[in-house]
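A single chain comes next, written as structure tokens; it is the form predicted alone.
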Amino acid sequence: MHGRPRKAYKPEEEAASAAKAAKLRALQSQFMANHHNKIYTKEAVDLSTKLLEINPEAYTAWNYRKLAVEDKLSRIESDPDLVKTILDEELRVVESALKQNFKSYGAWHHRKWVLSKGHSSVGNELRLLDQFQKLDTRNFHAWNYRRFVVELTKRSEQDELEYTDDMIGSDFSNYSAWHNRSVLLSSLLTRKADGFLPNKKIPDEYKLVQNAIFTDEDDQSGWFYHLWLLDQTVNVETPLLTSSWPLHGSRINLSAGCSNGSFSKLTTFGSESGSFPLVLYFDQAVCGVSSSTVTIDSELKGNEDLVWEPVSKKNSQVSCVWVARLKYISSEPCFGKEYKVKVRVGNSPGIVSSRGCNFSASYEFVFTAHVHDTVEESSQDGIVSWKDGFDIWDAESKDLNALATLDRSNAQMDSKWRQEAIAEEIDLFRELPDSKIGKLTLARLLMAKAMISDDAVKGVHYNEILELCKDLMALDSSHYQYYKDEHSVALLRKVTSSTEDLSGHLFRCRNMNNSVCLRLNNLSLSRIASVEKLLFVQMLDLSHNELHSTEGLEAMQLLSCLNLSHNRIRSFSALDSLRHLKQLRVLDVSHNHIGEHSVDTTRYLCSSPLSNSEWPQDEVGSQMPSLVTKYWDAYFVLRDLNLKQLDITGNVIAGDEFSSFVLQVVPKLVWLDGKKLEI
């Protein structure tokens, strides 16, 4: 582990191991008889001691000793000296076992248990740990136990930080010391202890880790700590609202059925349910988004008790994306009118990140909703084509400038010291000789720089990142997919970084009432990113890429048409995020790899009905139980969608049986594989 090679056993060592195993089997048989019969005599306990001297990993023996200790303590009166004698003996046995195996889980856990009884001296523990950690400086068991003891002794975090200084100073390769340092600094920086302000302390830490990296650039310990420092530099503790839809100052056109707008309008939206989504996108997962923390002022009736829902897996109440559905068709006529809607986020406390930080940067946005009094005949009766009927969006359009809003987190972040720290690191790593880890770190630094830079220079940074990722894919084929994903992230951030780049991919679809279409096809994308800047998109073309999953698309609540043809999707489980898209009507997953692999671990991203006997069985489940069992991943995804057009041709799974199954699961389907269904 961590670069230490394993040594092959010599013949004499193998013989000694065989003799040890024979002795162990004999002791274990006798010990188990004592354990089952609850015999806690001195002889029986001594036998467990011998067993643990040979095999410190005999977890049952440690549990037996706990029971024996409890039995002894129950038989004596409250005599502190006797209690101390019993517990000190346990500590002695543990120490002996640890000399046999420093990394024995059972031994370390037993020592914790003994100390938790409260009658043993903890003052000796740090001295003992010093001895153990000199013998094996990177033993993470000892470091975990050290944190336990430090908490008991109330030793200050500053003192422990000095201890990591000493350990790192004697061995730059001490991964555990670097890790413990990150744990301590996280706590000190969070509570802003004296002398531990991020803008002062983090630049000092960069200098410390530079010594380690440039002393031995092949050692991983310093690199991991540098990555942690970069994360502390870029990420802000308090959650921020990155983007939202509708946009501030925008006008949306609403109708009762489909979109009813013209090219000059910014966004048109139609819904059969008579509601449209309000979307909040935070830079980190938060909870507590509700009608009390997000207030809405509007003349639209029926929105007094608006419900906010997290867009997350497995019904988690923590998410980056939160959605509420604002009604615009109610019992009272409201057609032909314009309504101002004001949304205030964070006026009242309650929005909290998963790390326990409160959302404090309150934000307000206002938009206009125009409700039409006419409803055009739905264009969805005709097939949606991805080839014809698209108009290029004018790069100078005011509509486009309104859509390409700045990332709000940049404006709200104290970025001067962060920019300076990252800039210094970039200059330093440009001087490092070419290496895989050096190129990767430089790419990460440039990505961080781009995130907090002005739009004018973002593209330059992203271009260099893309070149570095290409170099890494060529240099290190064993991690090719990781670099490929990073390349995709950088490319998508470049596309969304400016109106000039974005305009080359934006279109209006005439046949879909001028819906906003974003074409990201033929870009060799393997991962989806920057969706927080694409919340306005209604049609998305991701065809002819290398995607394995749709993770991230769940935030695009306006999405009605999605083209995923000619990708590398292997199962319907990889489409699980689409279940959150209530407006999705057109889906093309043709020419993927669905059904091609007999064993596909991505199928288990969503729960199988076979794993839960209480899954709610609907009409399809009762009529076609064998097919639901066979195609359960497709069933769980498709049944939550309200599709009218689906293309699955070109997949192994496609065929008459699956097509008939789809028709039962998606009863409102009009088009399947390019053919209109007879209704």
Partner chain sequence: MSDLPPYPPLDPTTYDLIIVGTGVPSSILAAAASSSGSSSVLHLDPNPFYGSHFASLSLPDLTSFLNSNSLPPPPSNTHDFLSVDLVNRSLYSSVEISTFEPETLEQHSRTFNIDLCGPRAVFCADESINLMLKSGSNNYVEFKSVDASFVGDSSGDLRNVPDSRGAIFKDKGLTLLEKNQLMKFFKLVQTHLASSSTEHDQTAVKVMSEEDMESPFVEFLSKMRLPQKIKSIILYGIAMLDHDQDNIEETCEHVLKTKEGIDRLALYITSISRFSNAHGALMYPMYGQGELPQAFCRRAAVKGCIYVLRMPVTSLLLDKETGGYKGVRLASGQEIFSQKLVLDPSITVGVESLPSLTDQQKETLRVLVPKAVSSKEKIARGICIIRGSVKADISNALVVYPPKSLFPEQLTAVRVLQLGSGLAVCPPDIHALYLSTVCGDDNQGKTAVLSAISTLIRPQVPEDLQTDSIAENDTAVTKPVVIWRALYVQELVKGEFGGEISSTSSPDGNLNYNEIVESAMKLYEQLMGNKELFKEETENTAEEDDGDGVEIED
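Only a predicted model underlies this, so the values are computations on that prediction, with no experimental measurement involved. Positions refer to the first chain, counted from 1.
There is also a form predicted in complex with its partner chain; it is not shown, and the following applies to it.
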Notebook entry, point to check: Counting only non-hydrogen atoms, which stretch in 459-467, 553-561, 169-177, 293-301 is within 4.5 Å of its partner chain in the predicted bound form?
Noted result: 169-177
Notebook entry, point to check: Hey, in the predicted bound form, does Asp218 get a heavy atom within 4.5 angstroms of its partner chain?
Noted result: yes
Next item on the list: Using the partner position in the predicted bound form, report whether Glu77 sits within 4.5 Å of its partner chain, counting heavy atoms only.
Entry: no
Notebook entry, point to check: Would Asn521 count as a contact of its partner chain in the predicted bound form, using a 4.5 angstroms cut-off between non-hydrogen atoms?
Noted result: no
Notebook entry, point to check: So in the predicted bound form, does Asn211 come within 4.5 Å of its partner chain, heavy atom to heavy atom?
Noted result: yes
Check: Considering Leu197, Leu428, Val122, Leu82, which brings a non-hydrogen atom within 4.5 Å of its partner chain in the predicted bound form?
Finding: Leu428
Next item on the list: State the residue from Leu126, Leu432, Leu152, Val366 whose non-hydrogen atoms include one within 4.5 Å of its partner chain in the predicted bound form.
Entry: Leu432
